[in-house]
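Heads up, the chain below is alone and in the form predicted alone; it's given as C-alpha coordinates.
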Amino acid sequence: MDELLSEFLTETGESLDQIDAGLVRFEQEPNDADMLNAIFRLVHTVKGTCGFLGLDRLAKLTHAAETLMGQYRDGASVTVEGVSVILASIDRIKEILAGIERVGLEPPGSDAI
(Lines give C-alpha, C1' and ligand atoms only; values in the text may rest on other atoms or scores of the structure.)
Protein backbone atom coordinates (compact mmCIF):
# COMPACT_ATOMS: atom_id res chain seq x y z
CA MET A 1 0.00 0.00 0.00
CA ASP A 2 1.19 3.47 -0.86
CA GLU A 3 2.78 5.28 2.10
CA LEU A 4 0.49 8.33 1.73
CA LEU A 5 -2.59 6.14 1.67
CA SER A 6 -1.40 4.21 4.70
CA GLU A 7 -0.75 7.43 6.61
CA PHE A 8 -4.19 8.75 5.61
CA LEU A 9 -5.85 5.58 6.91
CA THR A 10 -3.96 5.73 10.20
CA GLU A 11 -4.64 9.40 10.86
CA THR A 12 -8.29 9.21 9.83
CA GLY A 13 -8.82 6.11 11.96
CA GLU A 14 -7.32 7.87 14.97
CA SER A 15 -9.55 10.90 14.40
CA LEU A 16 -12.63 8.71 14.09
CA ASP A 17 -11.71 6.93 17.33
CA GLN A 18 -11.46 10.27 19.11
CA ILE A 19 -14.81 11.44 17.77
CA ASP A 20 -16.76 8.23 18.50
CA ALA A 21 -17.64 9.17 22.08
CA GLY A 22 -18.69 12.59 20.91
CA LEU A 23 -21.03 11.12 18.33
CA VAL A 24 -23.14 9.59 21.09
CA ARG A 25 -23.32 13.01 22.74
CA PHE A 26 -24.14 14.63 19.40
CA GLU A 27 -27.03 12.20 18.90
CA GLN A 28 -28.41 13.17 22.32
CA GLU A 29 -27.62 16.87 21.95
CA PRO A 30 -27.79 17.67 18.20
CA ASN A 31 -27.39 21.38 18.81
CA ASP A 32 -23.96 20.90 20.39
CA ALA A 33 -22.01 23.32 18.20
CA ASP A 34 -18.62 22.15 19.45
CA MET A 35 -19.31 18.52 18.50
CA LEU A 36 -20.78 19.52 15.15
CA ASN A 37 -17.65 21.56 14.43
CA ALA A 38 -15.38 18.65 15.42
CA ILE A 39 -17.24 16.26 13.12
CA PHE A 40 -17.27 18.87 10.34
CA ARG A 41 -13.50 19.40 10.58
CA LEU A 42 -12.85 15.66 10.41
CA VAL A 43 -15.12 15.18 7.41
CA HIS A 44 -13.67 18.26 5.71
CA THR A 45 -10.13 16.96 6.18
CA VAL A 46 -11.06 13.51 4.88
CA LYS A 47 -12.79 15.09 1.86
CA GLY A 48 -9.77 17.20 0.97
CA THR A 49 -7.36 14.31 1.27
CA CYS A 50 -9.61 12.02 -0.77
CA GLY A 51 -9.41 14.35 -3.72
CA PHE A 52 -5.63 14.30 -3.52
CA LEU A 53 -5.53 10.48 -3.25
CA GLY A 54 -8.13 9.88 -5.97
CA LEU A 55 -10.67 8.26 -3.61
CA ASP A 56 -13.75 9.40 -5.51
CA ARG A 57 -16.40 7.43 -3.64
CA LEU A 58 -15.18 8.61 -0.27
CA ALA A 59 -14.84 12.18 -1.57
CA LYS A 60 -18.48 12.22 -2.74
CA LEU A 61 -19.75 10.81 0.54
CA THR A 62 -17.77 13.22 2.67
CA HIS A 63 -18.78 16.15 0.46
CA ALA A 64 -22.47 15.33 0.97
CA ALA A 65 -22.03 15.00 4.74
CA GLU A 66 -20.01 18.20 4.89
CA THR A 67 -22.70 20.07 2.96
CA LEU A 68 -25.40 19.02 5.44
CA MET A 69 -23.24 19.90 8.43
CA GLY A 70 -22.38 23.21 6.82
CA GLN A 71 -26.07 24.07 6.65
CA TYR A 72 -26.39 23.36 10.37
CA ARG A 73 -23.30 25.40 11.13
CA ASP A 74 -24.85 28.26 9.15
CA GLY A 75 -27.96 28.23 11.35
CA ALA A 76 -30.39 25.74 9.79
CA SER A 77 -32.43 23.84 12.37
CA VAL A 78 -30.89 20.50 13.24
CA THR A 79 -33.31 17.64 12.58
CA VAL A 80 -33.43 14.06 13.83
CA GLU A 81 -33.26 12.89 10.22
CA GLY A 82 -30.20 15.03 9.55
CA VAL A 83 -28.41 13.72 12.62
CA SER A 84 -29.21 10.18 11.48
CA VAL A 85 -27.72 10.95 8.06
CA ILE A 86 -24.55 12.36 9.64
CA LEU A 87 -24.16 9.29 11.88
CA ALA A 88 -24.81 6.95 8.94
CA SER A 89 -22.23 8.86 6.90
CA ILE A 90 -19.60 8.42 9.61
CA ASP A 91 -20.40 4.69 9.74
CA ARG A 92 -20.08 4.46 5.95
CA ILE A 93 -16.77 6.34 6.02
CA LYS A 94 -15.49 3.74 8.48
CA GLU A 95 -16.67 0.90 6.22
CA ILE A 96 -14.99 2.38 3.17
CA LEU A 97 -11.78 3.00 5.08
CA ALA A 98 -11.79 -0.63 6.27
CA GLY A 99 -12.22 -1.76 2.66
CA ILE A 100 -9.34 0.41 1.53
CA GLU A 101 -7.18 -0.98 4.31
CA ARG A 102 -8.01 -4.57 3.28
CA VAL A 103 -7.37 -4.29 -0.46
CA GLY A 104 -5.74 -0.92 -1.06
CA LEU A 105 -8.70 0.36 -3.10
CA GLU A 106 -12.10 1.80 -2.42
CA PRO A 107 -14.67 -0.99 -2.30
CA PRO A 108 -17.49 -0.75 -4.84
CA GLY A 109 -20.94 0.18 -3.59
CA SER A 110 -23.63 2.78 -3.32
CA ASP A 111 -23.71 5.38 -0.59
CA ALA A 112 -27.30 6.50 -1.10
CA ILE A 113 -29.07 6.87 2.21
Partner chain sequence: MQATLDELERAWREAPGPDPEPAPSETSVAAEGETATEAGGRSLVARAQTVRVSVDTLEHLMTTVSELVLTRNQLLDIVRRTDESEFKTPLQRLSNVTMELQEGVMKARMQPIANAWQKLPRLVRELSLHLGKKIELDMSGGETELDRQVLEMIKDPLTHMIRNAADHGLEDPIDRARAGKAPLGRIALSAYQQGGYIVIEVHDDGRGLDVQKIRAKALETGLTTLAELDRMSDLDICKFIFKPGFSTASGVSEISGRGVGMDVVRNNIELIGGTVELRSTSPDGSTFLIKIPLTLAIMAALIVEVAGERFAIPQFSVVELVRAGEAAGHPVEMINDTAVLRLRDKLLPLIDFAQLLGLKATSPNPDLLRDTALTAVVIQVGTNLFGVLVDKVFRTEEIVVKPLSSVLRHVTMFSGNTILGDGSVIMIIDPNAVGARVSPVDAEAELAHATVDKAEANEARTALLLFRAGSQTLKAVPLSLITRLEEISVEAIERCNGGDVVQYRGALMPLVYMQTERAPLPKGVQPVLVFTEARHPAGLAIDEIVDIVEEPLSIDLQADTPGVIGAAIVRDQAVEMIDVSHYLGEIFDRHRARGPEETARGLKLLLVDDSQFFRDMLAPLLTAAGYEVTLAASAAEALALKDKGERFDLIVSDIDMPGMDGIDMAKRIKADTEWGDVPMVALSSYSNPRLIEKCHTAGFESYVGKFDRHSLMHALQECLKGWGEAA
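Since this is a predicted model, take the numbers as computed values, not measurements. Definition used throughout: the rigid core is the maximal C-alpha set that superposes within 1.5 Å between two forms. Numbering follows the first chain given and starts at 1.
What follows is about the form predicted together with the partner chain, which we do not show.
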- request: Look up in the predicted bound form whether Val83 has a non-hydrogen atom within 4.5 angstroms of the partner chain, and give yes or no.
  value: yes
message: Would you classify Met35 as touching the partner chain in the predicted bound form, given a 4.5 Å non-hydrogen atom cut-off?
response: no
- request: Look up in the predicted bound form whether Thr67 has a non-hydrogen atom within 4.5 angstroms of the partner chain, and give yes or no.
  value: yes
message: I'd like to know if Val24 sits close to the partner chain in the predicted bound form, meaning any non-hydrogen atom pair within 4.5 angstroms.
response: yes
- request: Once the core is aligned, please say if the CA of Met35 is shifted by at least 2 angstroms between the shown form and the other one.
  value: yes
query: Is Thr10 one of the residues whose Cα moves 2 Å or more between the shown form and the other one, with the core superposed?
result: no
query: Is the C-alpha displacement of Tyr72 equal to or greater than 2 Å between the shown form and the other one once the rigid core has been superposed?
result: no
- line: Relative to the shown structure, Cα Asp91 and Cα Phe26 in the predicted bound form (3 Å or more change) are farther
query: So the C-alpha spacing of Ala98 and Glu27 changes by 3 Å or more in the predicted bound form; is that change toward closer or farther than shown?
result: farther
